[in-house]
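Following this are structure 1 and structure 2, which are two forms of one protein chain, each written alone as structure tokens.
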Structure 1
């Protein structure tokens, strides 16, 4: 069917450019309760996504370009669908641009062979390991687990000559630990997305989650104080690079489309911060080549090859993340999608960062800063008041601040870790943040 679509597109004289993606997904899902399997599912899907680019004149008679998109299921009516896409493309008016030219595609590791060879068997193994690890724990119970695994194959063909295939896998694991009894029961909810099973680091993660859960049983009311806040692991990754499948403040503000619409205050080779930098300098790469990164790819939806872009160096913006279109408009290099966030190691061992009295935030209810300003007021699901050997858990209250101001006054750990969409320091001490408690 892909060949038929290509032939039909090639014959159409109204098209400036086109690309077609043939996407097939094979997945397995298993949902377990404490003592039973709630559901098992097998899912397959296949579609062809066609983008056509047409030139036309806008309402004022100026030249313009527009994209029309249509998606076909196997056996769908090709000519009719393409006509519909062309009609849409000629009605959408943007400054003229074109689709990307072919380029050399990098090798980016995206596939877990174990998952490809036996998807449902792999899920069973993961769930068995989770249960075995949990059974070793005296104080918590595993009451539910969901595990999804899928293989996705994308074949992209374009009028410019791109003809590339990428395979990727993804595993999702969710579980809940319960501790305590009756009205005093507490829970800890874990959710991990990775491309390969070995990156789940399941036994370590189970131990960490179990500790959180039992600490919640002892949690005190939240304190009120302003000062150093220590964050580590996936919670730090969430603050810096957003949720694993979502975006981040840095991603939004470094977007070329927002530069074009004059909505980002960031400029090339200028500090991204609004004041003085009191902590370690910020250096960030937008890395779509990160092996097994959740946002890694060989090519993005336009066909732009994966890059590792030096985005912020010594607090200054060194580039914008640009699709082909906005790169053309702003005369910038086209980077394609943002990818994953990579930060270099800091200079201070994690143990030193957590020596002085501080608040540690282990988990938020949801850390979601304002996407333009970075202001946040996020409820604390679990934190600790740490003073010397004393480490008192607390629950509730809010962490208040501004993410950009926080990143301008931070000390990064010298050890690094990988958390799905983030490769960077495993811990950080934000030197001046407010915890609003009781």
Structure 2
């Protein structure tokens, strides 16, 4: 069917450019309830995503370009779908541009061979390890768990001559722990996205989540204070790089599309911060070549090859993340999608960062800074008051501040870790943030 789509597109004189992505997904799913397996499923899907670029005149008679997109299932009516895409494209009037030319594609590790060779067996092993690890814990009970694994194959062809294939895998695991009884019962939810099973680090993650769950039983009311806040692991990754399925403040403000629309205040070779930097310098790479990174790829939806972009160096913006369209408009290099966030190690061991009295934030209910200003007021699901001798859990309250200001006054740990869409320091001490309690 891909060849038929290509032939139909090639014969259409109204098209300036086009690309087609043939996407096939083979997946397995397993649902467990306490000690039993409730369901096992095999899931397969296939579709063709067609993008067409057409030139036309806008309302003022000026040349413009527009894109129309349509998705076809196997056996779908090709000509009719392309006509709909062309109609849509001609209703869109952007400044003229074109699709990317072919380029050399890098080698990026995206596939867990264990998951590809035995998907259902792999999920079974993961959930068995989860149950075995939970059974060793006396104070928590595993109630439900789900595990999804998939292999995704993408074949991209374009009128410009791009013809590339990439394979990738993904595994998703979630479970629920319960501790306590009756009115004192507490529940905690965990979920992890990775490309390969070994990156789940499941035994360590189970112990950490179990400790959080039992600490919720003893949690005190939240304090009110301003000062150092210590964050580590996946929670730190969430603050800096955003949710695995979402984006981050840095990703938004470094977008060439926002620079074109004058919605980002950032400028090349200028500090991204509003004031003086009191903490460690900020260095960031937007890395789509990170092995097994959740946002890594050989090429993006336009066909732009993966890059490791030096985004922020010593607090200054060194580049924008640009699609082909906005790279053309702004005369910038086309980088393609943002990818994963990579930060270098700091100079201070995490043990030293957590020595002095501070507040530690273990988990948020949801960390959601304003995507343009960076202001946040995020509910704390679990935190700790640390005075140098005791580590007293609390729940509730809000962490208040501005993410850019926080990143201008932070001390990074010298150890690094990987958390799906983030490679960087395992811990950080934000030196001046506010916790608002009762």
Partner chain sequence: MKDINLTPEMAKLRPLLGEVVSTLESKAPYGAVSLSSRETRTFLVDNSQEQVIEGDPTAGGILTVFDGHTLREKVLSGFDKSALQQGAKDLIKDVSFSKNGKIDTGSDLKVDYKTGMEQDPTQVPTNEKLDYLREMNRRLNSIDSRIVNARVRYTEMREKTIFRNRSADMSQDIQRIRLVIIVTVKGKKGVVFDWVSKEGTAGMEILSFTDQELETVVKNAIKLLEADRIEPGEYNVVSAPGVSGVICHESFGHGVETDMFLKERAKAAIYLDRRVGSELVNIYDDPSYPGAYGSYYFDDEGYPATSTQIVKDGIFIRGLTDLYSATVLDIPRSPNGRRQDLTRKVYPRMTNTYFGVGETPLDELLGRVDQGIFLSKVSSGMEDPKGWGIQVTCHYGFEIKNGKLTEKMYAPIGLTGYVPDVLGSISGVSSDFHLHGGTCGKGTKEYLPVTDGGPHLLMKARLG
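Between two forms, the rigid core is defined as the largest C-alpha subset superposing within 1.5 Å. Numbering follows the first chain given and starts at 1. Just so it is clear, the model here is predicted, and its values are computed rather than measured.
Here the form predicted on its own appears as structure 2, and structure 1 shows the other form of the same chain. Core-superposed comparison between structures 1 and 2: the Cα of residue 370 travels less than 2 Å.
A movement of the C-alpha atom of residue 390 falling short of 2 angstroms is seen between structures 1 and 2 when the two forms are aligned on their rigid core.
If you fit the rigid core between structures 1 and 2, you'll see the Cα of residue 39 move by 2 angstroms or more.
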